[in-house]
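Subsequent text provides structure tokens for two forms of one protein chain, presented individually as structure 1 and structure 2.
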Structure 1
């Protein structure tokens, strides 16, 4: 997958190659892999290089894959100034730009969630401690989904007006029992989930959690 290095910095190329390798290892078809590359590249490959990267990847994976493959396995939304649907108390009034959505089906998908979180930070110039907090928070929330409530999704968005990065992590699991006690730090599960949630809340500027028998939605935002 050294083809990525022609278009990306070595770190980004390696990260993308790894996320593609993970998907391939998990039985992803060439078309799924290409769609993954397309979806990820939207956020960190300059527009003038993006088509060349995707074309090069297509040559590598199999030229027979159609250029406009339907988005099936991977949930993806293009970055085109669409307002975020009001999925939580944290959604802003129509100033958000949708970012990528990462489907969480297994623990290997956490790498992609962290990769996208890191790219979002780069996009808005968030660095150092602030970026570290954001990526760690995404990792913690995505892990809760992977561990306890698979499948789920991590939806990124960007509020350029309010200067915030937002993430909505949702699943259709059986909910988090004792959520209030967990967030008060009074309760910790034997598997350590409480620590991850309480810790995440300390890392972010805004935190909202809704849970019930049909699923959990946690929305976070960090200012930049």
Structure 2
């Protein structure tokens, strides 16, 4: 954190630290931590500060550790434990670069999901109402998880070839009854589960949902 806060605001430094430690896991080696810092920093750190931050992290973790990717570059990092279906919104996943993953355990985690969504928009130049729609869609899906189906995750990725920002929101709840009817606007559960899905689908360019007794996975994408 001390290194990150030299280059970022406290909230961005905390978000970067959480994303890196989540990916590297408890007890990750210095080389593993640096690799994830290099990959994740592109979503949080302005390009003119990124090289200095990575070098400062390398000096802290061990100057002898070689760079695992070009400074400012990204590597493909798998997101363990996230159910990623073969959906239309992920049909071009082979071109995706995986970004931060935000764990949703309580409503307070929604702030981090929104922050990352805004950072992703800034990175690709998505602005104004289009950016607000993307952030709102992410917030609504994450809120459903926090309210009805904790724990869950919001996994971000970027398809630079197809010029899309993608998000997969997954949980391990008991599923959404009558999902098709909910999406058609014909049904609303007594608990309110599924509320906002119809509106969310209208905010994005691609939407796909799968649900069952072991959880729900919703994939969305917006073009830029």
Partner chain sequence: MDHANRIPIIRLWDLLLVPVQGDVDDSQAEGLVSDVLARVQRDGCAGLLIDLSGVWTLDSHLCSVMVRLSRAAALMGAQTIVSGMRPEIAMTIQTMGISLGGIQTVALLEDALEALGVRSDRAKGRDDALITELILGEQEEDEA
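Here, rigid core means the biggest group of C-alpha atoms that superpose within 1.5 Å across both forms. Just so it is clear, the model here is predicted, and its values are computed rather than measured. Positions refer to the first chain, counted from 1.
Both panels show the same chain in isolation, but it is structure 2 that comes from the form predicted on its own. Residue displacement note: residue 204 has its CA displaced by under 2 Å between structures 1 and 2 (rigid core superposed). Superposition on the rigid core between structures 1 and 2 places the CA atom of residue 155 less than 2 Å from its counterpart. Taking 2 Å as the criterion, residue 9 counts as shifted between structures 1 and 2: its C-alpha moves by at least this amount when the rigid core is aligned.
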